[in-house]
Ligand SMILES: NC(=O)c1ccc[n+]([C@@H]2O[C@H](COP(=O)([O-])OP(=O)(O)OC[C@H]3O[C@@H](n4cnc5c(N)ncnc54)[C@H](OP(=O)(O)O)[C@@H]3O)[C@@H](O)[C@H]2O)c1
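Form predicted on its own, single chain, as structure tokens, below.
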Amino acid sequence: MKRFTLPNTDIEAPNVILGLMRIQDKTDDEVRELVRTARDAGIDFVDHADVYGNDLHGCERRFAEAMQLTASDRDAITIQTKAGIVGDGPYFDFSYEHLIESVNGSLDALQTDRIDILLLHRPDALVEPEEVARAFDELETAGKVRAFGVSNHTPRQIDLLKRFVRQPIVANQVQLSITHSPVVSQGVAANMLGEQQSVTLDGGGIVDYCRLHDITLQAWSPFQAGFFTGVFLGSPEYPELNAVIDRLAAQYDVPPIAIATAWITRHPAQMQVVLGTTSPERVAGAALGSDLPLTRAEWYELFRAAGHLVP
């Protein structure tokens, strides 16, 4: 498992993360097996959000109840969670009051005294960055949150926060897979008149911006074909892509899911892949792509087979 220190933190992390948004209805044994399989593969970083589960903080609570972490167990893992989505309205809320309430709820549900990384979960169009800064300062001073980041934010949205927030923005979690990769593909076709791929949809180059500002990109839905449209692995809608994936999987003696993981981890931006599966087998298979050395030719072959333009 490839590891690195998240820039502007003292957190040593793997480049594959275990996402736990689907564990609400899993038994204690199933949760423990999932986490144990991830740990055996070198994944000691878990991703949560307050809205994951059947009720508020549901998956965070399910994780804590199943794992019953001791102090040493807790010290051995990195816990990341998110705040800012309000499911029944007002939908998004980055106010001081909501962020403080959400973090306190997460701490209680997770049965821990600290969150290692807190992400602002999807942009709040009504954000008042001064309020975010006030919340971050209080949470950091109280020792409740060690580091801060965002999710699904554009460069300009991050710049607005950074004008007031004094803590480094250490991560930006965005949707990214071989087939759903506008944050990567736009730059490949930049300045090509009439090509939809060349249109800037992310506010000015998320990947380059994050590399320039030492912000770690985290890829969610790494095996989804599009925006919650099902996986591309084994899908009859992507025959050419799966043919390439299967050939490379046989060549490297790994399961296909490892190749899909490697396409992301191969990128020099040093991204993290967020696994959303609850299958221990798929977690173990995906982890094999952590440091799989795809060549440039193989990376671009996968990219073109997914339907992207390579001029």
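Predicted model, so just to flag it, every value in this text is computed and none were measured. Sequential numbering from 1, following the sequence displayed.
The same protein also has a form predicted in complex with the named molecule, omitted here; what follows describes it.
*Asks:* Just to be sure I understand the contacts: of Arg247, Arg282, Arg32, Arg39, which is the one whose heavy atoms reach within 4.5 angstroms of the named molecule in the predicted bound form?
*Replies:* Comparing distances to the named molecule in the predicted bound form, the residue within 4.5 Å is Arg282.
*Asks:* So which of Val188, Val86, Val231, Ala142 reaches within 4.5 angstroms of the named molecule in the predicted bound form, heavy atom to heavy atom?
*Replies:* Contact with the named molecule in the predicted bound form is made by Val231 alone.
*Asks:* Check for me whether the named molecule, as it appears in the predicted bound form, comes within 4.5 angstroms of all of Ala13, Gly149 and Val170 - heavy atoms only.
*Replies:* Not one of the three qualifies.
*Asks:* Mark Thr277 yes when one of its heavy atoms lies within 4.5 Å of a heavy atom of the named molecule in the predicted bound form, and no otherwise.
*Replies:* Yes, Thr277 sits close enough to the named molecule in the predicted bound form that at least one of its heavy atoms falls within 4.5 Å.
*Asks:* Heavy atom to heavy atom, is Ala262 within 4.5 Å of the named molecule in the predicted bound form?
*Replies:* No.
*Asks:* Looking in the predicted bound form, any heavy atom of Gln224 within 4.5 Å of the named molecule?
*Replies:* Within the cut-off, so yes.
*Asks:* Determine whether any heavy atom of Ile43 comes within 4.5 Å of a heavy atom of the named molecule in the predicted bound form, and answer yes or no.
*Replies:* No.
*Asks:* Among the candidate stretches 180 to 188, 87 to 95, 216 to 224, 108 to 116, which one is within 4.5 Å of the named molecule in the predicted bound form when only heavy atoms are counted?
*Replies:* Heavy-atom contact with the partner occurs in 216 to 224.
*Asks:* Any residue of 235 to 268 with a heavy atom within 4.5 Å of the named molecule in the predicted bound form counts; write them all down in order.
*Replies:* The one in contact is Ile257.
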